[in-house]
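Only one chain comes next, encoded as structure tokens, the form predicted alone.
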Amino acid sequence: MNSIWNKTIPAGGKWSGTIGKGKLVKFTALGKGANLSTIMYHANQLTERYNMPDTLKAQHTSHLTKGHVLMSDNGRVLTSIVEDSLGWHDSISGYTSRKETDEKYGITTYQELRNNWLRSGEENFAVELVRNGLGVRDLVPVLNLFSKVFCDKNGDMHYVEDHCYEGATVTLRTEMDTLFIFSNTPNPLDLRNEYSSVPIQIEVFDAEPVKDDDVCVNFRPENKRAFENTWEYHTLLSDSKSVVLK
């Protein structure tokens, strides 16, 4: 199947854009140790955005993988994870700040290094939010694709260095028109002193209609209710519903 659009986000890079509902968005790590910090908004109603607490609580998990959905704060499904070669994506450790980046990797500036200066997630998100009519007050918890972070019995969080291999993939299906904002910057809990961000390839494909045995719809009763809320929204807009459950 040929993609209808593709793009590679370089190490330290950023991107934002709207991808309509009914698409597959495939991410491929072009090196080991990738981390793509991601936030999502309903493109047609920007006050509706990814809700990390509800997403984790409803699906009884602290990390995300195939079968899970990314819920909005209106109880609808923005995207679903339909394929995943890693089995674990970090939802709890956030994004890097300028202060953390300077302390860990050394101070760099655009004036000295131009496009080779070391960017932080905080700055990348701020720029792309403004480009889309939003601001830093609209920042929400991020999903760190390709990273694994777990908590031990004492509640301490740990980053797993060798989790992501070169060629690892994860695919999201858009259930609503979704504004994505990406920052290809290191995970804030990555203890390595080397700025380890690697390029990420993004490909977009047309998705097949959702079927009644869909793994994401049926993963939890809460998932099905969130899908029903989403389909209701589209029906009331006189939009065609992407699935009819039998």
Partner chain sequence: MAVLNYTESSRKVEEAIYDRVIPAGEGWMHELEPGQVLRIVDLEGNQAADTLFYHAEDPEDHYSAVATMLGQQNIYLSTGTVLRSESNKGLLKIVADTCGRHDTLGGACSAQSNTVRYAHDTLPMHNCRDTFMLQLSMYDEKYTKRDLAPNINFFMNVPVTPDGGLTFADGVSAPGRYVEMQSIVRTVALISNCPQLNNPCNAYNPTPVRVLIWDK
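Numbering follows the first chain given and starts at 1. Every value quoted in this text rests on a predicted model; they were computed, and no experiment measured them.
Omitted from view is the form predicted in complex with the partner chain, to which the following refers.
K.L.:
Go through 170-178, 132-140, 78-86, 110-118 and give me the stretch that gets within 4.5 Å of the partner chain in the predicted bound form, heavy atoms only.
P.N.:
Checking each option against the 4.5 Å cut-off leaves 132-140.
K.L.:
Thinking of 48, 51 and 71 as one candidate spot, does the partner chain come within 4.5 Å of a heavy atom in every one of them in the predicted bound form?
P.N.:
Each of the three qualifies.
K.L.:
Flag residue 155 as yes or no: does it have a non-hydrogen atom within 4.5 angstroms of any non-hydrogen atom of the partner chain in the predicted bound form?
P.N.:
Judged by the heavy-atom cut-off of 4.5 Å, residue 155 is in contact with the partner chain in the predicted bound form.
K.L.:
Although the partner chain is absent from this view, report whether residue 126 comes within 4.5 Å of it in the predicted bound form, heavy atoms only.
P.N.:
Residue 126: no contact with the partner chain in the predicted bound form.
K.L.:
Although the partner chain is absent from this view, report whether residue 42 comes within 4.5 Å of it in the predicted bound form, heavy atoms only.
P.N.:
Looking in the predicted bound form, residue contacts with the partner chain do not include residue 42, since no heavy atom lies within 4.5 Å.
K.L.:
Find out whether any non-hydrogen atom of residue 57 is located within 4.5 angstroms of the partner chain in the predicted bound form, and reply yes or no.
P.N.:
Yes, residue 57 is a contact residue.
K.L.:
Just one of 189, 198, 217, 204 has a heavy atom within 4.5 Å of the partner chain in the predicted bound form. Which one?
P.N.:
Comparing distances to the partner chain in the predicted bound form, the residue within 4.5 Å is 189.
K.L.:
Can you name the residues of 1-27 that have a heavy atom within 4.5 Å of the partner chain in the predicted bound form?
P.N.:
Not one residue comes within 4.5 Å of the partner.
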